[in-house]
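A single chain, nothing else alongside it, follows as structure tokens in the form predicted on its own.
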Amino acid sequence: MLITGIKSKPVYAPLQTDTRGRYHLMLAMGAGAAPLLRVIAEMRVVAGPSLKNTRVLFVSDAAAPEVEQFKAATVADLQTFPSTPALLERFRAILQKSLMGTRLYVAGPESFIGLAMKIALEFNLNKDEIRAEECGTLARRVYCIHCRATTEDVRTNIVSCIGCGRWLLVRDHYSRRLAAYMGVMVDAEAPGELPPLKEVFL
């Protein structure tokens, strides 16, 4: 069953400019463009020179209207990517050369945020250096505790594991290390008895 109040479940606050940062690295997917554009507008008012040290990585069609908005914002660097894996590969390469004083801003669906955070933690960025705002789909990444496969874009309360085929209950327990919610076999005690399939993460 889904349980509210789980301490491992991430809580996200609206993005704000960190004026203490020397370099600003921004990642967005889809609807995540809006929070970043809001931060950039705020930055122009409270820390104008910081725009010269601001880099944006955006998962989107190159023709998306937000791309032109980012260009108009005159950030130092804007790169668009056709997929999340492509962006994350570039993100990892950038972190390998990042300097002290870098601040990370991530906006988009929780699954996107989780994957970006996972990489950030590998490079020992601490909580004071990272900001995230969730927007867009609530679909989850679900980790099967039985076969260790991860099923992407899960919108229902139960899901058939992409690895072992077991029907998994999607829990609210979240692993930052795995960037996924835990999935446990839903009919372990009564094989074949499944609860009604419902769309709950839209």
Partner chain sequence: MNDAQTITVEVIGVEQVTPLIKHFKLAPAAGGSLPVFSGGSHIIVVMQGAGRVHKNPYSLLGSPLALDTYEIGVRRMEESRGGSHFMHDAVEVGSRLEIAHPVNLFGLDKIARKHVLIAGGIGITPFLAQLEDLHGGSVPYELHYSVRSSEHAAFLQRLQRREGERLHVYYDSEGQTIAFETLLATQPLGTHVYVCGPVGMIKHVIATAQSCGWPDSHIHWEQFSAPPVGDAFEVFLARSKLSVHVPPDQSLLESIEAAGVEVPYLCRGGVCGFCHTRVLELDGELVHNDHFLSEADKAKAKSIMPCVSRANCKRLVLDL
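This one's a predicted model, so the numbers in the text were calculated from it and none came from an experiment. Positions refer to the first chain, counted from 1.
Same protein, other form: the form predicted together with the partner chain, not shown, and the subject of what follows.
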Which one, 108 to 116, 123 to 131, 67 to 75, 81 to 89, holds residues whose non-hydrogen atoms are within 4.5 Å of the partner chain in the predicted complex?
-> 123 to 131
Closest heavy atom of residue 93 to the partner chain in the predicted complex, within 4.5 Å or not?
-> no
Quick one: which residues from 86 to 101 get a non-hydrogen atom within 4.5 Å of the partner chain in the predicted complex?
-> 95, 96, 98, 99, 100, 101
